[in-house]
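In structure tokens, the next block holds one chain alone, the form predicted on its own.
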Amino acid sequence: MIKLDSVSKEYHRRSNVIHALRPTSFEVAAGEFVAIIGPSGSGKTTLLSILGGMLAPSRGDVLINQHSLYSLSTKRRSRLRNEQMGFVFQSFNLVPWLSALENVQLPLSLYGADDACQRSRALELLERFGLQDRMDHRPSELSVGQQQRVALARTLAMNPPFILADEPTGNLDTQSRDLVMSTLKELQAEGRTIILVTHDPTVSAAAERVLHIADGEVSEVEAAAETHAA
């Protein structure tokens, strides 16, 4: 379970105060799929970064399974992110000089897993995404859809219970987008919690709940299935 308790984020520019996120409280239950929608600059990425332990709020707190995220030291918070959270980005964030296999191994390497464990887990995940014959290819040698599949495989390397996705389909064609969304639904069916940021209503329709954000204000809208039907 993830809970935001009166969380806000402000930036000070000279004499001006920019409210990137106004006081917000909500919960995401274990195994739930929640989409956060809103226009560019509305605060979606700020909210996701706070949820993911990457950006400290100005006020309020984030609770992960009832433990305060921002009361942890930087080192402990980083370890929690590595163990508990998987991140999917629009830009994939693959290391360009590493092979697909090495990119998937990276979280395990940072965690200190032995080489045999790293390779076994990475091969298992690449096979899951149909990329076993591309394991020695670098990102520049892969199609955009293949790069996103490598990124998804890397996200799962540590078997995280929480998946945070920031516009994961933004650079993809329809076929690749559908693959990403079907994968996220599979991950939810496995019991993982999915929080996805998007501006695309077609993508948000896959979620059980939709939160709308505009000018830093978060509000809950009707269930995604109802929104899609309307």
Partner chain sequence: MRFHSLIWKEMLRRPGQNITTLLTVALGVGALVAVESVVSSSEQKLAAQMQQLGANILVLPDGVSLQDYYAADEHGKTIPEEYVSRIALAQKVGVEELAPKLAVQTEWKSQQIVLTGILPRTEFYKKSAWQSVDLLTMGLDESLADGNAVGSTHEGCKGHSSHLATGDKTDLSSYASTRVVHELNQNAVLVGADFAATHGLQTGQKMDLLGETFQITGVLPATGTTDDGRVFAHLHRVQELTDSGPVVNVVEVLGCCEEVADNLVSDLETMLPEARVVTISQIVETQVTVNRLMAKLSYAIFGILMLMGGASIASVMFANVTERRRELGTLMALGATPAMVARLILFKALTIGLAGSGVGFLLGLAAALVAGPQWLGLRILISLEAVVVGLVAAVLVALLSSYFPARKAAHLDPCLCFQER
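Numbering follows the first chain given and starts at 1. It should be emphasised that the depicted structure is a prediction, and the values quoted were computed from it without experimental measurement.
Below, we turn to the form predicted together with the partner chain, even though it does not appear here.
When the partner chain is considered in the predicted complex, D136 lies well away from it, no heavy atom lying within 4.5 Å. Using a 4.5 Å cutoff between non-hydrogen atoms, S71 does not count as a contact of the partner chain in the predicted complex. Heavy atoms of S91 reach within 4.5 Å of the partner chain in the predicted complex, making it an interface residue.
Using a 4.5 angstroms limit between non-hydrogen atoms, N171 touches the partner chain in the predicted complex. Contact with the partner chain, judged by heavy atoms within 4.5 Å in the predicted complex, is confined among 22 to 30, 43 to 51, 173 to 181, 198 to 206 to 43 to 51. By the 4.5 Å heavy atom rule, the three marked residues Q146, K185 and I194 all fail to count as contacting the partner chain in the predicted complex.
Scanning 52 to 81 for heavy atoms within 4.5 Å of the partner chain in the predicted complex gives M54, L55, T74, K75, S78, R81 in sequence order.
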